[in-house]
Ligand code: BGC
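One chain is shown next in structure tokens, namely the form predicted alone.
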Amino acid sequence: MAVTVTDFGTLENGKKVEKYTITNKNGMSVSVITYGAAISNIFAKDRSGKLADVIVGFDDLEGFVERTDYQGVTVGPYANRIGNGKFSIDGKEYRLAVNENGTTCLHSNGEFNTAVWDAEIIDENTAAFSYKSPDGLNGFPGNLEVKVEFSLTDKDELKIEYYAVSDKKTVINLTNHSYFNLSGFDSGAITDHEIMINADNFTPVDRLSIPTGEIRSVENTPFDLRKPKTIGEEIDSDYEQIAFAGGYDHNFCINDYDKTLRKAAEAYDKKSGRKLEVLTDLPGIQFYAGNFLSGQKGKDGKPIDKRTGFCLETQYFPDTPNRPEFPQCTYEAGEVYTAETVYKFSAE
């Protein structure tokens, strides 16, 4: 096991960006850059033992700055969408930056993923990334201190542990926005990957991708992913929810939520034999199938086309601050937010 640090470029303002790479005894490696605390690479073995980079994204800093669609980044203070760009706490309304459709606050206006995080090596298999979000930025209350630890085990598990605390009552919802292609980043569409999500229900959305408040059964819908099926099987269905999002871009309500770590999802690529299991202690997971990827120049100069990567973002539900019926993520001043997600790789 080892953690190495290399240069990853310099921003126009002169800030240097570094890449931290963790390698385990099996040869698997995970790289995270200080810009956006973004996962830039994951090299995982296929069934024959061959390593390939399964993260769709960029191999230069310019990509993360100029061409990004949140590839690999840590998202917060509130991941996903807040409708109408506002929410209230104890009767006080907070108006947020709106960066989608002129009405929606998406991924907190990109705050975390455009910041340069402080980083340090914790031990031979862990690197920690820290950031301080100032009170009022993009409308969110409180000076928020955040730390995210990335650990790679010898069981080929990438563990992501989140910690945050604010000096004001606020909403906190952190996630990672990696795009995976288990055949390799340059292998084309992911529609032939098999997907399983451990959820009996999902949260339908309106035409602006904001949850309606309904918790709907997946039974007899394209969202019934409780048994593995290919991503492409029903991704172009005329089912209203699929049509709204141009495919899958929805929150699934993970079964048996009790704030403990449990299996949320699994993806499998028959071509390579690579399997990805996702475990989390959070109540939801956003399955996004890359519907809006539009040909940005990615690694090796190759285009990142529609549906060439998928995301499994662990989270509280979208628009939770406006939906008291959802599991809540409002934290008192001084109350510590913690969450854990595990991305476990194997091959068969």
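Note that residue numbering follows the sequence shown and begins at 1. Please read all numbers here as calculations on a predicted model, not as lab measurements.
Note that the form predicted in complex with the ligand isn't included here; everything after this is about it.
Asks: Within 4.5 Å, heavy atoms only, which of Leu106, Val171, Leu144, Ala267 is in contact with the ligand in the predicted complex?
Replies: Selected option: Leu106.
Asks: Of these, Phe317, Tyr288, Phe58, Tyr35, which has a heavy atom no more than 4.5 Å from the ligand in the predicted complex?
Replies: Of the candidates Phe317, Tyr288, Phe58, Tyr35, Tyr288 is the one lying within 4.5 Å of the ligand in the predicted complex.
Asks: Report yes if any heavy atom of Asp69 sits within 4.5 Å of a heavy atom of the ligand in the predicted complex; otherwise report no.
Replies: Answer yes; at least one heavy atom of Asp69 falls within 4.5 Å of the ligand in the predicted complex.
Asks: I'd like to know whether Asp249 contacts the ligand in the predicted complex, with contact meaning heavy atoms within 4.5 angstroms.
Replies: Although the ligand is absent here, Asp249 would touch it in the predicted complex, with heavy atoms inside 4.5 Å.
Asks: Heavy atom to heavy atom, is Arg81 within 4.5 Å of the ligand in the predicted complex?
Replies: Residue-level check for Arg81: yes, a contact with the ligand.
Asks: Using a 4.5 angstroms cut-off on non-hydrogen atoms, would Tyr179 count as touching the ligand in the predicted complex?
Replies: Although the ligand is absent here, Tyr179 would touch it in the predicted complex, with heavy atoms inside 4.5 Å.
Asks: Among 221-229, 69-77, 196-204, 269-277, which stretch has residues whose heavy atoms lie within 4.5 Å of the ligand in the predicted complex?
Replies: Of the stretches listed, the one contacting the partner is 69-77.
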